[in-house]
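Here you get one chain, nothing else, as structure tokens; it is the form predicted alone.
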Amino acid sequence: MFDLAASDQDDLHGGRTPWQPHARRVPMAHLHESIRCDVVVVGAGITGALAAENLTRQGLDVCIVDREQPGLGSTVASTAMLLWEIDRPLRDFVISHGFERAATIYRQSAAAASGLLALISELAVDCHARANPSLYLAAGESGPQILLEEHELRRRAGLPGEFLDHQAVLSRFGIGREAALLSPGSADVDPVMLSQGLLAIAASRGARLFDAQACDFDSSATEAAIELDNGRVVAAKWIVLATGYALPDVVRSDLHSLASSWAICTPPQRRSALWPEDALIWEASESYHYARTTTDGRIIIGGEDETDIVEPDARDALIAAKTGRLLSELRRLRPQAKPVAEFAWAGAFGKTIDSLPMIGRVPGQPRMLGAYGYGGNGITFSFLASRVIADTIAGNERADYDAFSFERDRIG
């Protein structure tokens, strides 16, 4: 194992996260000659790792290229809350998409969260995975009546959960909010351990991992290729773009934009300072705070998102100020917790205007697939992307995934 200095930072994240001390250095080969494979995956974070695992499971010859150590790009900045609930509530999707389509989208996200947990169990990936309920708290203009309407829509869609009034939230969780929705089916993990574990499994099936940066892309009706920074070429039947928040020039979309988020992690707390059921907590407001615990008793709390501060130096310069605000939020949420930030970090993330990811074929590139714009559902949508991508390559594209298409109608 190796650790990164607290000052290590790049355009993907700044500061220091609780996942870095547990990271392993993953062997990556240098490519000295041009090669061929079935699929070349660009990016070795959680999305690339999930894609590589699923594609090698299908018996395909997979190469993965990344300029970063696997899992230490965008993935290491994740708070790794595997929520099936989407940043935008079901009621908003019902307005924009109609009930049946909105319900399908939410059910697909719920299936992705449960599918990922099942995969981790099946493969015995050591990543501190835990199944947890989510606690969606009333906040801002979203009071008890709004949450009750959301609950009824979810119930109609066949989604699990219960409505808690003020007294129930207070007695069960010790949190003084007007109301909440408590829903099973979510989870949390160590994202770096998960991505590195999945890559190790893919490698055991023959996947090849290279330390390189993709500089140019080419895709026609019959073949695809990427050119690396050393001039070598990886020719393939398919290219899969899994580059985190950063869209290569070959991908253009008016759906996608960047934002920054900040988070802190405390030292281990007394059990009495943690809330019951280790629920994943988030707020029913457009700009929300979120919180989770860890297997060693720490509290992670994040939020304070900004859409107009995405330049790395400006983003990271705010870590100290945002840490203070997040500690204040922790005191409000859990007064009995020790309000100390042992880790504090900032990260960039991609989001879309309709809060749904962009997954599937890259427009104008017949043999190029991509996955972007995850918002607050990064790892859940990464799992969904790995399934959509594998189905597309196998010739089994599903019409019910068209809500995630790069070329979908722009519905705000």
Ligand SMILES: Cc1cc2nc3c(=O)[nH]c(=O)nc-3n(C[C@H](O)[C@H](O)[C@H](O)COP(=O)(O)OP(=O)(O)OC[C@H]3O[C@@H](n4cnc5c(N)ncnc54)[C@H](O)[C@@H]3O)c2cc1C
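Quick caveat: nothing in here was measured; it's all calculated off a predicted structure. Numbering starts at 1 and follows the sequence shown.
Keep in mind the form predicted in complex with the named molecule is missing from the figure; the text below concerns it.
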item	value
Contacting member of A138, A291, A102, A77, with respect to the named molecule in the predicted complex [4.5 Å, heavy atom]	A77
Single option in A246, A131, V310, L170 placed near the named molecule in the predicted complex, where near means a heavy atom within 4.5 Å	A246
Contact of T323 with the named molecule in the predicted complex (heavy atom, 4.5 Å)	no
Interface membership of A348, the named molecule in the predicted complex, 4.5 Å heavy atom rule	yes
Partner proximity in the predicted complex: D61 to the named molecule, non-hydrogen atom cutoff 4.5 Å	no
Close approach of D66 to the named molecule in the predicted complex, 4.5 Å, heavy atom	yes
Site test, W84, M193 and L199 vs the named molecule in the predicted complex, non-hydrogen atom cutoff 4.5 Å	no
The named molecule in the predicted complex: contacting segment from 334-342, 149-157, 250-258, 68-76, heavy atom within 4.5 Å	68-76
Partner contacts in the predicted complex for 211-249 (non-hydrogen atom within 4.5 angstroms of the named molecule)	A212, Q213, A214, F217, A242, T243, G244, Y245, A246
